[in-house]
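Shown below, as structure tokens, is a lone chain in the form predicted on its own; questions about how it binds or moves come after it.
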Amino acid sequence: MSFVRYKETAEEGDVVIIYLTHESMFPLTLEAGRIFQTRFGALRHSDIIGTRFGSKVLCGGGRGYVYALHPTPELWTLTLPHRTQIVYTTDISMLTLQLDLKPGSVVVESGTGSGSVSHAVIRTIAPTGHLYTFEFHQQRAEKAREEFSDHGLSSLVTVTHRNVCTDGFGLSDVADAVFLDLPSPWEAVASAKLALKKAGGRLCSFSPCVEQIQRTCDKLRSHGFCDITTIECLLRTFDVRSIALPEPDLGRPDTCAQTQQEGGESAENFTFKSAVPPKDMPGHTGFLTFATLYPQMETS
């Protein structure tokens, strides 16, 4: 089972995303003989094993059904067990773009947390890239290492238990990009600069507070980073609906008279499609601060 290589058929031991509704999905590790209870009734693991991913699977004796989906980083972000607050796909897509990640890139990350960003980064840099991810909490680091192994990603990631703010990354001239998701990212800037390749690279820091950004930007400038930019990603979805409106009454005498006699509406309705903005929009998640370290010039 691998999150970066698609397979057609679900097998025992695979991770499957069980889709009930758009707001209700669950990760499930298939094990013959086990039963998973859903709102539509009992779902037998054996009914999923051997079926094609994306298939409709009956549960509860035919009272309802679910879909068995192949896991992706996006689906994993929506369903993973939370060990920490996570970064969601809206921000992940921006940091992937701004860090110029591609197959073969080497990335340094801290902290690992629940592995939301890690899975997306690994999928982007596979099959020849590598992720060095650091987590100061030992149990979280061990759990992340276990999940990467279960998801077939061990060859693409190295998990290290370390507090990089005090002990650094222990890496030099290896990374194309660095991602920091820390309470005090400014304390890791010097070590991040050392980890970046001498040919240059990009750094991203995720912080929920402006005060954190101010201190991080000051530290980035003092260490020679340029093009420092802070971005806030706000997601606004539009609902496409069919809207019916009456045809306008342009004051034609014959129409008005006919309408008054019949006591009805003056014209037939016409229907059109429109994108309707939401009444409520999800608010702030965090700020993404990006910076560039240009190639270090040799001095004679």
Partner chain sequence: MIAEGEQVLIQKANVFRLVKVERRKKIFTEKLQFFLDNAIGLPLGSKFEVRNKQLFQVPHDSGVDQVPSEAEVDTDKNNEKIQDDNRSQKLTKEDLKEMAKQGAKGEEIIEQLVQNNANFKEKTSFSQAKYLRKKGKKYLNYITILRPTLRLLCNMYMAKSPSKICHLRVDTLSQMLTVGNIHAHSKVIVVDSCQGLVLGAVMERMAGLGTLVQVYHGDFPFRHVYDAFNFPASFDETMLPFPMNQLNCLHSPQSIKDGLQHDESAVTSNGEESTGLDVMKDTEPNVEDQKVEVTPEDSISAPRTDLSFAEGVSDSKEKNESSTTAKASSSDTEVNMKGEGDLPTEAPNADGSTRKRPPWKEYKKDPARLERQRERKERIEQARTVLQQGNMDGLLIACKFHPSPLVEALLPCLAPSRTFAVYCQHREPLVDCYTRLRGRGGVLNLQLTETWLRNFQILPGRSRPDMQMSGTGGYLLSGITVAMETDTTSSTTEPPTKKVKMETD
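These numbers come from a predicted model, not from an experiment. Residue numbers count along the first chain shown, from 1.
Another form, the form predicted together with the partner chain, is not on view; read the next lines as being about it.
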property: Distance check, Glu147 to the partner chain in the predicted bound form, heavy atom within 4.5 Å; result: no
property: Non-hydrogen atom contact Tyr67 with the partner chain in the predicted bound form at 4.5 angstroms; result: yes
property: Close approach of Asp100 to the partner chain in the predicted bound form, 4.5 Å, heavy atom; result: yes
property: Touches the partner chain in the predicted bound form: Arg52 (any heavy atom, 4.5 Å); result: yes
property: In the predicted bound form, the one of Thr79, Thr89, Thr160, Asn163 near the partner chain [non-hydrogen atom within 4.5 angstroms]; result: Thr89
property: Listed residue (Ser154, Ser93, Thr84, Ser184) with a non-hydrogen atom within 4.5 angstroms of the partner chain in the predicted bound form; result: Ser93
property: Partner-proximal stretch of 133-141, 185-193, 165-173, 70-78 relative to the partner chain in the predicted bound form, 4.5 angstroms, heavy atom; result: 70-78
